[in-house]
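We begin with a single chain expressed as structure tokens, specifically the form predicted alone.
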């Protein structure tokens, strides 16, 4: 080996040695990732918990178990950040303290994310293939959410009588909603400042959907700006000024003829596009008003984080789930 080759070899050896020392050194730069006590775990059937623990608990619980390769920095930094963010959004170890309806709502969001391929994160499943939710496992989650929260009570005669009375009350309230010509008195803006738009009842219906987890049905309406955008196929991104209303009613069981009617009014939700004004929330202003008195949803402006998180899987569609019905473009 000549002198030049020896110099190059020594330089390469020093480089490798330095990189090795750096690699060893950064292993000590480890943000803390602890497993706090499980205080209120989600209560669900064993088959449901088996799916969740196999695919979700590593990030969305206080029972995180890292494989050896996730313990190595810099992978550890990425995983730690992802776990802390996941726990803040949905933590199955603490979810049990929430009302049952809210627990089911979070679980529905999880199912929705899985169906759209947004969860588990594609980058995560590349190195953690066991976290992939298989179709039959997804069916287990959907079947659980499709059933009533308390199936035993539903079998009793008292529950059946109550259901009949509730359906009658729902129908009566829907009739009031249909006849209403304006908003409830003094409808307050949402906590984030988005105001209620009472004219939404005059907008054009562009789609409908339902939620199998809480047995509700929804109609999606669009204002003139959005309807024009649909006609011109200018829907990704939607132009500023576009607005959508999603009106939700309870969906009673079909009548003796198999007809499904809207029941009790639940809420009205708004999405208003203004890319500058609402730049911090994906370019959309979000609002939700519940009940016949249209009470703003949430405790503070942080409620809108639920909206943006739920719509994250359709970011490529400008955060809009609703695709116009065929023939309306």
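Values in this document were obtained by computation on a predicted structure and should not be read as measured data. Positions refer to the first chain, counted from 1.
Below, we refer to the form predicted together with ligand HEC, which is not included among the displayed structures.
Ligand HEC is not drawn, but in the model of the complex it has no heavy atom within 4.5 Å of residue 266. In the model of the complex, ligand HEC sits beyond 4.5 Å of every heavy atom of residue 42. Contact annotation: residue 93 falls outside 4.5 Å of ligand HEC in the model of the complex, judged by heavy atom distances.
In the model of the complex, ligand HEC sits beyond 4.5 Å of every heavy atom of residue 61. None of 71, 85, 224, 240 but one reaches within 4.5 angstroms of ligand HEC in the model of the complex through a heavy atom, and that residue is 85.
Taking 197, 110, 187, 235 one by one, only a single residue has any non-hydrogen atom within 4.5 Å of ligand HEC in the model of the complex, and it is 110. Remark: of stretches 273 to 281, 61 to 69, 33 to 41, 286 to 294, the one touching ligand HEC in the model of the complex is 286 to 294 (heavy atom within 4.5 Å). A shift of at least 3 angstroms pushes the Cα atoms of residue 91 and residue 299 further from each other in the model of the complex than in the displayed structure. CA of residue 223 to CA of residue 113: closer by 3 Å or more in the model of the complex than in the shown form.
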